[in-house]
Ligand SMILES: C[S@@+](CC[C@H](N)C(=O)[O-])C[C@H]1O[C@@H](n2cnc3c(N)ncnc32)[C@H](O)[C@@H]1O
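One chain comes next, on its own, written out as structure tokens in the form predicted on its own.
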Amino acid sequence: MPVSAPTIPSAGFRDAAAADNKQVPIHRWVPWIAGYSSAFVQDAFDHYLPDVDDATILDPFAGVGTTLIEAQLRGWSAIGFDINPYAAMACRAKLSAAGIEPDELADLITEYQATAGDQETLIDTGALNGCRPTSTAPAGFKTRIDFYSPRVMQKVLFTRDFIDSVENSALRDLMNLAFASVMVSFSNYSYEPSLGSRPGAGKPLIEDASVVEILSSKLQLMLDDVEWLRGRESGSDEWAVYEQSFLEPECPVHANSVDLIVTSPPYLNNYHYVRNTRPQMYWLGFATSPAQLRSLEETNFGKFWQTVREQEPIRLDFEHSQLAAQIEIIRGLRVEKGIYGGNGWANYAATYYNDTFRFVSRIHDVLVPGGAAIIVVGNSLLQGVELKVEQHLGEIGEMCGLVCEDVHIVRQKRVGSSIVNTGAREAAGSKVMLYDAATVLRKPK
């Protein structure tokens, strides 16, 4: 059945922009270019699970755990999925933070500042006298320009030596997460918001930086938040984070067991999540070759345009005449451009929506009768054709036996596609505003 146009949220959702998380305890540990704010999740909980003491919350695309942390803070059970090992590690480290002893973390920070700080002083004064770090840069990590300048690289490797020497696994994970969250800041790359070289963004190379000072500041912030957690009465240790796709045939979540889903799948024609975490993947040992990253690209929800653009025409696996017609319009555009033309982009859209259908079908299975899913997505432009993903999602939900309760605008303007020089947004018949919306699907009782 047709789904009505998005409305300003009657549920009272605050702006979903994830940038607000930079100031919020625990959430501020890891910068993430995608997702939504903790305030948005709080509003979703307040509106769809008011006055509830016990609930099971699911985020099938957990990212760095915004939904999961908010569920834990309320004392609820939290379940998350993410195929990205770095994101899954971030979720686990944040959810484990309540078990960290503040004094132990404080002592570790002091020891790190003394040990690695002395090594940095020797580097700065040229007095290393043959002392060398035992750590090495990951061999498989290749970049167009040096990721770290020589002096910074020495400091990074001494820091890696210290982290590897930490015997307490929870504290070592916390240090690894702190390092991963700041490692790009003293590199010759930056997020604009996609990862690219600093010279490419008109910025100078970073010839030197105090790695110890930058990492210590992050660790101190984490310590402050661990102490903040200790001061709270509520909390839950009932959580699980699965490093796999929610769409795998064997799903560890039982049918009719989830009270509320708050999530945001990868957007159609948006950021390349795997490539943006490439430095963390290599430096933390989650990847040693491009083949491992390709495997993640192929597992990613909706795939990536680059993985399907050369295939034979891909069609929808379900009946939706209006959407199928839009995809065929895209397929017929700019055919002279070969893989950069319409067929590749049509394949991309069809693959994305086929995964959406599978995703919504799985949602129907795991929700309790009467349970709801709040799914944040954005409209997109492919070859100048606007695809209203949030409305299509509602219609697919109806096909799968769910009720589309509403579609709310949660951010009225967002930055567009990060895929440049591809014609993805060319030839629009009119100026189209990109926005974020929350589609609300409910399982009938």
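Treat the numbers as computed from the prediction; the structure is a model and nothing was measured. The first residue of the sequence shown is number 1, and the count goes up from there.
The same protein also exists as the form predicted together with the named molecule; that form is not shown, yet it is the one meant from here on.
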Using a 4.5 Å heavy atom cut-off, state whether residue 73 contacts the named molecule in the predicted complex.
no
Would residue 351 sit within 4.5 Å of the named molecule in the predicted complex, counting heavy atoms only?
no
With the partner left out here, check for me: in the predicted complex, does some heavy atom of residue 81 sit within 4.5 Å of the named molecule?
yes
So, residue 407 and the named molecule: in the predicted complex, are they within 4.5 Å at any heavy atom pair?
no
Option touching the named molecule, based on a heavy atom within 4.5 Å in the predicted complex, out of 64, 44, 382, 57
64
Which of 119, 356, 245, 159 has a heavy atom within 4.5 Å of the named molecule in the predicted complex?
245
So, a 4.5 angstroms cut-off on heavy atom distances: do all three of 154, 187 and 284 pass it with respect to the named molecule in the predicted complex?
no
Only one of 250 to 258, 300 to 308, 330 to 338, 287 to 295 gets a heavy atom within 4.5 Å of the named molecule in the predicted complex; which is it?
300 to 308
